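Next comes just one chain, in structure tokens: the form predicted alone.
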Amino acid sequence: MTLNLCVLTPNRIIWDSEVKEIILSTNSGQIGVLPNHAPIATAVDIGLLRIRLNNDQWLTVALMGGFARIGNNEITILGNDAEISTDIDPQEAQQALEIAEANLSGAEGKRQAIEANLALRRARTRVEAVNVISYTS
């Protein structure tokens, strides 16, 4: 039995196919979803989305928050932004992380600190997604 997974962002469809399992980062921690999972709707946190394909290979997606609806073996994830790990340039991701770290340390005021912290979390997630490749490929 499989799940139908659709990952959408405002600009494009990231994934729309059958999968065996996903591991999703939510605001209250990670959840694993297998076929016949109980129906839920949840906020999605900035983090990794792990997808187990029908050939038992794992695919990693850097997901930048959003919402997920799970029910009747259908999963719809509406993400603010998302990138499949193989589409991320490792050098660019590392440079973005270094810039985000510098911006956080130089942030003045509460608003700048919050924005810099979110940028840092997004940059870390992209670097994590790239680094997962080396362990699963």
Partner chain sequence: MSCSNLAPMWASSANPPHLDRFSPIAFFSALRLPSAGASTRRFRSATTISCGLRELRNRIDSVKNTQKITEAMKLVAAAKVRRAQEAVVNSRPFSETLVEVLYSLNERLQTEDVDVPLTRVRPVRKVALLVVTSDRGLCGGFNNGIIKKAEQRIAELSALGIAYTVISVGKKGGTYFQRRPYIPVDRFLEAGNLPTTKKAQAIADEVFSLFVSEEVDKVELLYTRFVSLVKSDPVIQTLLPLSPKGEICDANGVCVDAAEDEFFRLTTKEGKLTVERETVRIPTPSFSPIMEFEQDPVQILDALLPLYLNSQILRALQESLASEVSARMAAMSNATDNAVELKRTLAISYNRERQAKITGEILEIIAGADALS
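Numbering follows the first chain given and starts at 1. Predicted, not measured: the structure shown is a model, and the values here were computed from it.
Separately, the form predicted in complex with the partner chain exists; it is not shown, and the next lines address it.
**Student:** Which residue, Gln91, Asn27, Ser105, Asn54, has a heavy atom that falls within 4.5 Å of the partner chain in the predicted bound form?
**Tutor:** Selected residue: Asn27.
**Student:** May I ask you to choose, among Thr86, Asn73, Thr42, Gln95, the residue with a heavy atom within 4.5 Å of the partner chain in the predicted bound form?
**Tutor:** In short, Thr42.
**Student:** In the predicted bound form, does Leu118 have a heavy atom within 4.5 Å of the partner chain?
**Tutor:** Although the partner chain is absent here, Leu118 would touch it in the predicted bound form, with heavy atoms inside 4.5 Å.
**Student:** Against the partner chain in the predicted bound form, would Thr9 count as a contact residue? Criterion: heavy atoms within 4.5 Å.
**Tutor:** Close contact exists here: in the predicted bound form, Thr9 approaches the partner chain to within 4.5 Å, heavy atoms only.
**Student:** Answer yes if any heavy atom of Arg122 is within 4.5 Å of a heavy atom of the partner chain in the predicted bound form; otherwise answer no.
**Tutor:** Result yes; Arg122 sits at the interface with the partner chain in the predicted bound form.
**Student:** Heavy atom to heavy atom, is Trp58 within 4.5 Å of the partner chain in the predicted bound form?
**Tutor:** The answer is no: Trp58 has no heavy atom within 4.5 Å of the partner chain.
**Student:** Could you list which residues of 69 to 105 come within 4.5 Å of the partner chain in the predicted bound form, counting heavy atoms only?
**Tutor:** In sequence order, Arg69, Ile70, Thr76, Leu78, Gly79, Asn80, Asp81, Glu83 come within 4.5 Å of the partner.
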